[in-house]
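Just the one chain here, laid out as structure tokens, in the form predicted alone.
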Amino acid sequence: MKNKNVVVIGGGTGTYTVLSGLKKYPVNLTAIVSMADDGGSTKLLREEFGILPPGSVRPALIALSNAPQTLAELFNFRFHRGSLNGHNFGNLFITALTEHFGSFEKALEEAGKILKIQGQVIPSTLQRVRLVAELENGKIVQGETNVDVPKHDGTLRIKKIWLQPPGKANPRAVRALKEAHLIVVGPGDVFSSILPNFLVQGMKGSFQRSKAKKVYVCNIMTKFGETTHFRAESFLNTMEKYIGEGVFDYIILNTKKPPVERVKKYEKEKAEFVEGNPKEFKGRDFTIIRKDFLRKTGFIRHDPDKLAKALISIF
């Protein structure tokens, strides 16, 4: 297992979950994250300083951190009053490093040193991009945050997404895919966190050409406005529509249904448990790893240790 290169593609809490579990194993970790984020604190900093979105890389940096817990927690601290209201300390810190060094990548490198990260965090592109979506009724939605938190009718399916401008793949991301032994895609918001990575010119081809074992981790819950009423098969079909058919060697599915009291909290957000029957995948050429991956308490997400154990078993 030593010297094995594991690349995790996505963004947000899904990537955080995978990385925090895999960090306990002797593998070389790389997180490739989307640069389409344009909401909240990140939006303001992008507009004012013209930088790439710090909020996209922050969760991955924290997941890989071996710094004292207080410092890692500080990177997640959000101001709730004054002129900094709504801003996240980690976002401000990465912005300050970018201004100081004149490079977003150099800022990530220095932030990584401070947080003593075990691995590396790589933007999928170094160009400013914007996510655009077309709904099934023909309406165009501009911006990742408007896809992520719909102001439109969230029951409408997303017909198509693209980046404006398309952006070119970060050479470091391309190299990481080429040198990978295992590539993990997901879990996470399909249209706003995961797929924007593959919309960047050169990423899809680099992923397909990689000789690594490729794994898709299916979400446990749907997301209103993005994957409303999706089953496991719907998630996979959507991924393959943008990345290519038959690209995955393994599919990871959760079998454990959360108790009703935990689901109730999600009903307000119109999220649903993702159902999946192996028969739906009959005739498709990949291995299904189907187990209880559910966290015992808290948010309905994958348990980092259970997930990491399954991923490492592929080696």
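All residue numbers are counted from 1 along the displayed sequence. Keep in mind that this is a model prediction, so the values were computed, not measured.
There is another form of this protein, the form predicted together with another copy of the chain, and it is not shown here; the text below is about that form.
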Exercise for the section: Answer yes or no: in the predicted complex, does another copy of the chain come within 4.5 Å of a heavy atom in every one of Asp249, Phe273 and Phe281? Expected result: no
Exercise for the section: Classify Ala63 as contacting or not contacting another copy of the chain in the predicted complex by the rule of any non-hydrogen atom within 4.5 angstroms, answering yes or no. Expected result: no
Handout entry: Val149 within 4.5 Å of another copy of the chain in the predicted complex, heavy atoms
Key = no
Problem - Ile161, heavy atom within 4.5 angstroms of another copy of the chain in the predicted complex - result: no
Exercise for the section: Would you please decide whether Gly82 lies within 4.5 angstroms of another copy of the chain in the predicted complex, comparing each non-hydrogen atom pair? Expected result: yes
Handout entry: in the predicted complex, segment of 199 to 207, 220 to 228, 99 to 107, 164 to 172 with a heavy atom within 4.5 Å of another copy of the chain
Key = 99 to 107
Practice task
Would you mind picking the one in Ile243, Val141, Leu92, Ala212 that has a heavy atom within 4.5 Å of another copy of the chain in the predicted complex?
Solution key: Leu92
Practice task
Quick one: name the residues from 30 to 67 with any non-hydrogen atom within 4.5 angstroms of another copy of the chain in the predicted complex.
Solution key: Leu44, Leu45, Glu48, Phe49
